[in-house]
Each structure stands twice: as structure tokens, then as C-alpha cells.
Ligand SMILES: Nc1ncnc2c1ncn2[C@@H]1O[C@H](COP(=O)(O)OP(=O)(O)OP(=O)(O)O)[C@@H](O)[C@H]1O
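The chain below stands alone and is given as C-alpha cells, in the form predicted alone.
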């Protein structure tokens, strides 16, 4: 049966050279995304989620070394020249960055910044793109778009800025949308509106969505499949229903226990003790073993292989 994946990442490794050493930030991950589907990439800060997204977009700094394959429509993005990648970035693959206030240019108004997308990828400019800008802003729920497009980023609320970022990302109707923590720092009501908006745009345009977040509540709302990352490794890769009903990896179980629940009898939230190791000082064996309540003797000495359990992927010696 042919692989129908729109995006397929094989054995991706990302290494950063520093003055003292080389740091392997992402160590051999494999993921795939189909058209019209949502893949959730979840884990604590520092696990390699955003770095993976930047590698797909071709936005890593020069001191980064990348190996593996990133196939988009059967083309390996890692082998493309910069000018060819520039034609894809923002056009066929778009990204919504984590903090819109730093992603939007403070010295240009919203109309100018949106017009740049059409100028770069569609060869349109000036008055001819103004109706499209107005339509896009209206589509993402910005009231009175004819007036608000003249505003500068600091004149908009956090939720409005995020809507502008979504409008910019969707301007060229991309095949893939990468959303890096798109609801961070937004209140719960605005967060729900942003997620609903992204789901609607995805349905209309049949876009593949890669949702990067540390929030499993967000993943539960939008994703069909989930990748759980920890310290540069994929720990579990499964359907969203299976992740919540029967998590395989102890790290996944730990993440689920930290979610606040109304039905929780105890007032105190559970936590995963310790922190994600710095990638310059990764422990031997399983990278999670020093925080794991289910660790075995071999976990601190041998790196567990990737195992297949009922069609699901898990990296743990328990399996």
C-alpha cells in the first residue's frame, strides 16, 4: 500500500556545535503527517519539539548540523537549495510561532506585513491584495478589518495578534501548517477560540496540521495522533484515544497525571519530579530513567530500543 503521507520525517538528527562540544538536540525521530490530519507533538520545554519544527522549515542557524530525511510531497527538504526552500516556506508550509509580539514586526502595520506574503509568493502587491487581506482578517475573526489592518502590533491584544499570525500563515493556503504553542499566554476563552479557528481553517483547506504544545488538553481537542518527546527522543507515538485511555510509557502516564481534573479527590496536583536534562549532559541508558518510578536495573545502563506494541510505538524496557 503506498505511503499517503504529506510530510514524512525519517531518522532526523539535529546537532549544535558549541565552543566546548557538540549537542545532539534531536536524536533520530520518525514522524508522518497526512493531508487534513493533525499530529500533536507534546513534551516539556527543552525536549526538542520546536527545534524539530524549525528543521522542517529550514530555519535552523548555521551552526546546526542536520541529518536524516524530511520528505514533503516526495521531495527531501534537507537537500533543497535555500532559494528553492524559500519558495516552499510560507507558501506550501507555513508556521505560527509561539509569541506573536516578537514574530510580528513592530515598525510596520498589519496590512504591510500581510501584503509581503502575497508579494513574495504570489507576485501581487499594493491595492490588488487589499481585498484579500480584508477577507483573511475577517475569516480569522478580526472585527472591522478595513480599519484594524492599519494598526500596528502593539495596538492589538494578544488574541488579536495570534489571529493575525494565523491569517498570515494561511494567506497562501498551505498544505502544511506548523503551530508552535499557538495558545501560550492566552486566557482560556481566547485559547478555545483560537483552536476552534484553526480547526475550521484546516477543514476548509484540507491542511495537514503539526501542533506543538506542552498541553495535553490542547492535544485532546485537535489531534488524531500524538508524538510524546523527551530529551530529543520519541518516547511514545500513538493515536490520541489510545494515549489517553491506555498510555504505554511511564513519561506519558506522568504527563497525564499532571493534568488538573475536576474529579480529582486530592487538592494537590501530581508532578514528575526532577527536570528535563540539558542536552549537553544526557544521562546514560533511558533518558527518563532518573525521573521514572517504574525504572528497571538496565534502564540506567542501556538505551531502550523502539518497540511496536499493537501498532503503537514506544521506547521503553517495559516492552
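Since this is a predicted model, take the numbers as computed values, not measurements. Residue numbers count along the first chain shown, from 1.
Another form exists, predicted in complex with the named molecule; not displayed. Remarks below refer to it.
K.L.:
So which of 221, 98, 91, 113 gets a non-hydrogen atom within 4.5 Å of the named molecule in the predicted bound form?
P.N.:
Going through each option in turn, the one that passes is 98.
K.L.:
Have a look at 255, 55, 33, 47 for me and say which one sits with a heavy atom within 4.5 Å of the named molecule in the predicted bound form.
P.N.:
Only one listed residue qualifies here, and that residue is 47.
K.L.:
Can you check whether residue 274 is within 4.5 Å of the named molecule in the predicted bound form, heavy atom basis?
P.N.:
No, residue 274 stays farther than 4.5 Å from the named molecule in the predicted bound form.
K.L.:
With the partner left out here, check for me: in the predicted bound form, does some heavy atom of residue 282 sit within 4.5 Å of the named molecule?
P.N.:
No, residue 282 is distant from the partner.
K.L.:
Consider residue 181 of the chain shown here, and say whether it contacts the named molecule in the predicted bound form, taking contact as heavy atoms within 4.5 Å.
P.N.:
Result yes; residue 181 sits at the interface with the named molecule in the predicted bound form.
K.L.:
Contact between residue 51 and the named molecule in the predicted bound form at 4.5 Å, heavy atoms?
P.N.:
So residue 51 counts as contacting the named molecule.
K.L.:
Check each residue of 54-74 against the named molecule in the predicted bound form and list those with a heavy atom within 4.5 Å, in sequence order.
P.N.:
Sequence-ordered list: 61, 63.
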